[in-house]
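Only one chain is given next, in C-alpha cells, and it is the form predicted on its own.
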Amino acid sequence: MEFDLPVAPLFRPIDVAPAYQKVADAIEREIVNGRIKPGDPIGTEHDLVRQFGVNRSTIREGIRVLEEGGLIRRDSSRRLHACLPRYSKLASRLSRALVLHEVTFRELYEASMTLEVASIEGAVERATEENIAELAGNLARSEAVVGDAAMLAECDAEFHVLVAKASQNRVLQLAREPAAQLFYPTTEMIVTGVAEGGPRLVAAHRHLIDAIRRRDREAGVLWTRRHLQDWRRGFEKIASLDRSVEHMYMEHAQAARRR
C-alpha cells in the first residue's frame, strides 16, 4: 500500500497587519527615512483620518503606538509633531543638537578618540581610591549583565562617565557629555548584533581599571584606543559609519519590536 508523503507548503500564511499598525508604520517610515524631521508637524487626528481614509479610532490607536515608541508628541493644542526616541531624555541642548544635526558614527568616533584619551590620561594621574572603587563596582555590574544588550550598554555609558569623573577635570567632563549621550544606542546595537561584543567590552574595561590602579598612562591610552577601535569595528559589522546614529538606532529598535 502506498501512502502520500506530506509535501512542505510553498507559501506561508499572510500576516495581515491591523489598520492601526499600518498607519503607525507609514508615519514611522517617514520619520526613520528623514522625510519628516524632528519637530515637524504631522497634523491633527482629523487631518490623518482624511489622509489615510480610515476611522478616528484607527488613527488614535496608531498614534498611541507611536507615542509609546517616542516617535510623536502632542503640543498644547493637541497637534501632533514628530520627535525621536530618547530625545526628551538627552541631557543637554548640545546633545539634542547632535541628534537633530544627524551626527554620524564616524564623527562620533573621531571626537571620542580625542575626548576619551584625555579622560583616561587624567584618570591615571588623579583618580582617587573612591573613583577606582566606583569603576570596580561598575565592572562587577557589567560582568553580571554581559548577556543583556540594553543593561550592558547602560553600564558602558556609566563606565566612561566614571573615567571622566576620575580625571578630576570638570571642563573635560562637560565637554564629552553631549557626544557620550550617543554611546548607549551604538553599544546596544553592537552587543545585540555582534556575538563577541559584550565580552570584549568588559575585558577592555578591566584593562582600563588596571591601568588606572597602576598609574600606567601608556597602558591606559593603549587600551582606550583599542577599546574605541573595537567599538568602531563592531559597529561597521552591523551598520554604516556615515549615516545618522539616531536614525540607525530607530531602525534597530523598529526591527527589534517586530521580532
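Residue numbers run from 1 along the displayed sequence. What we label the rigid core is the largest C-alpha set whose atoms superpose within 1.5 Å from one form to the other. Because the structure is predicted, anything quoted here is derived from the model rather than measured.
Separately, the form predicted in complex with the DNA exists; it is not shown, and the next lines address it.
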query: Exercise: Thr192 in contact with the DNA in the predicted bound form, heavy atom 4.5 Å; finding: no
query: 4.5 angstroms heavy atom contact with the DNA in the predicted bound form for Arg60; finding: yes
query: Partner contact for Arg126 in the predicted bound form: the DNA, 4.5 angstroms, heavy atom; finding: no
query: 4.5 Å heavy atom contact, Arg170 to the DNA in the predicted bound form; finding: no
query: Contact stretch among 38 to 46, 216 to 224, 201 to 209, 24 to 32 - heavy atom within 4.5 Å of the DNA in the predicted bound form; finding: 38 to 46
query: Within 4.5 Å of the DNA in the predicted bound form: residues from 48 to 69 (heavy atom criterion); finding: Gly53, Val54, Asn55, Arg56, Ser57, Thr58, Arg60, Glu61, Arg64
query: Core fit, then Ile42 C-alpha moves 2 Å or more between the shown form and the other one; finding: yes
query: Rigid-core frame, C-alpha of Arg73, shift of 2 angstroms or more between the shown form and the other one; finding: yes
query: Yes/no, Val54 Cα shift of 2 Å or more between the shown form and the other one with rigid core fixed; finding: yes
